[in-house]
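Take a look at this one chain, the form predicted on its own, written out in structure tokens.
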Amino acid sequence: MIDEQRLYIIWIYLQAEPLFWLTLTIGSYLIADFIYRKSNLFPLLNPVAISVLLVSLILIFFNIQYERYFEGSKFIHFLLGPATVALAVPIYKKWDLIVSNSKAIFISLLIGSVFAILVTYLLSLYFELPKELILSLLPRSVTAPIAMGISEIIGGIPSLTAIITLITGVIGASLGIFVFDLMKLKNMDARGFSLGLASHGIGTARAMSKNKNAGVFAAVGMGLSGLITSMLVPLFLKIISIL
């Protein structure tokens, strides 16, 4: 009985310590990455997806509020900004290559961004989703910080948008390689740009792990899609309100 009380006291203490949640987050990712590598980089065993699942199961099993977990692990969330900005370095090094493909990038960017918004909206109407949920879904194809900002501005639920964005990124990064192989797409620049455009940060990380040029074009796709989507979504909402 005494041992159980001591364990309970230790558990309560650990929950209040940021280091515990940081350790849990990093440890979950290391386990997920180990599984991913042991599977010979099988796409469906994406380490981000597995680590999210592990952390979620622990929070649910021990009945821990997400706010408490986030308060302890928000340092990792803070690092997301500098990590994203750091992508400017490889982009700068490959700037001439990017400029030489600027026409293809612009056309793909415009078509891909418009298609993502239209498909999301039409499917939402088909399933008769409530307006607030539709507004939360529309920015799902850009990186989470931008998607949450767009969602807040247009009247969506930013926290829900973040979850949907994460799911979109994981699915795109996991299944994208299968789609490329099915289409017999060999060009690594095109593969990378497509992953960055459709799967944002997770897709970019996936592209970086496969090929340096693919990673650069993925970073370009992720950045530009965030920029153009932040303009297209409000414009799209104005157009459909007029129609």
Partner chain sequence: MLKSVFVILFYQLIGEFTQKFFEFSIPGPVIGLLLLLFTLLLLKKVEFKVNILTKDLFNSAETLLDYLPLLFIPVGVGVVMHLSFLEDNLVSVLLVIILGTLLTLGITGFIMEKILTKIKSND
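In this text, rigid core is short for the largest set of C-alphas that superpose within 1.5 Å between two forms. Values in this document were obtained by computation on a predicted structure and should not be read as measured data. Residue numbers count along the first chain shown, from 1.
From this point on, the text means the form predicted together with the partner chain, which you will not see here.
*Do all of Ile31, Leu41 and Ala219 end up near the partner chain in the model of the complex, with near meaning a heavy atom within 4.5 Å?*
No residue of the spot touches the partner chain in the model of the complex.
_Can you work out whether Leu19 and the partner chain are in contact in the model of the complex, taking contact to mean some heavy atom pair no more than 4.5 Å apart?_
It does not: once the partner chain is placed as it appears in the model of the complex, Leu19 has no heavy atom within 4.5 Å of it.
*Contact test in the model of the complex: Leu45 vs the partner chain, heavy atoms, 4.5 Å*: Output for Leu45 is no: heavy atoms all beyond 4.5 Å of the partner chain.
_With a cut-off of 4.5 Å between heavy atoms, is Leu59 one of the residues that contacts the partner chain in the model of the complex?_
Output for Leu59 is yes: heavy atoms within 4.5 Å of the partner chain.
*Can any non-hydrogen atom of Asp181 be found within 4.5 angstroms of the partner chain in the model of the complex?*
Result no; Asp181 lies far from the partner chain in the model of the complex.
*asked:* Do any residues of 105 to 137 have a non-hydrogen atom within 4.5 angstroms of the partner chain in the model of the complex? If so, which ones, in sequence order?
replied: The stretch 105 to 137, when checked against the partner chain in the model of the complex, contributes Ile105, Ile107, Ser108, Ile111, Gly112, Phe115, Ala116, Val119, Thr120, Leu123, Ser124, Phe127, Leu129, Pro130, Glu132, Leu133, Leu137 at the 4.5 Å heavy-atom cut-off.
*asked:* Does Glu71 shift between the shown form and the other one by 2 angstroms or more at the C-alpha, the core having been superposed?
replied: It does, since the Glu71 C-alpha is displaced 2 Å or more between the shown form and the other one after the core fit.
_After superposing the rigid core, is the C-alpha displacement of Ile98 2 Å or more between the shown form and the other one?_
After core superposition, the C-alpha of Ile98 moves 2 Å or more between the shown form and the other one.
_Since the Cα-Cα distance for Leu80 and Met148 shifts by 3 angstroms or more in the model of the complex, is it a contraction (closer) or an expansion (farther)?_
Those two alpha carbons end up closer in the model of the complex.
*Knowing the Cα distance between Gly201 and Glu67 changes 3 Å or more in the model of the complex, does it shrink or grow relative to here?*
Their C-alpha distance grows by at least 3 Å in the model of the complex.
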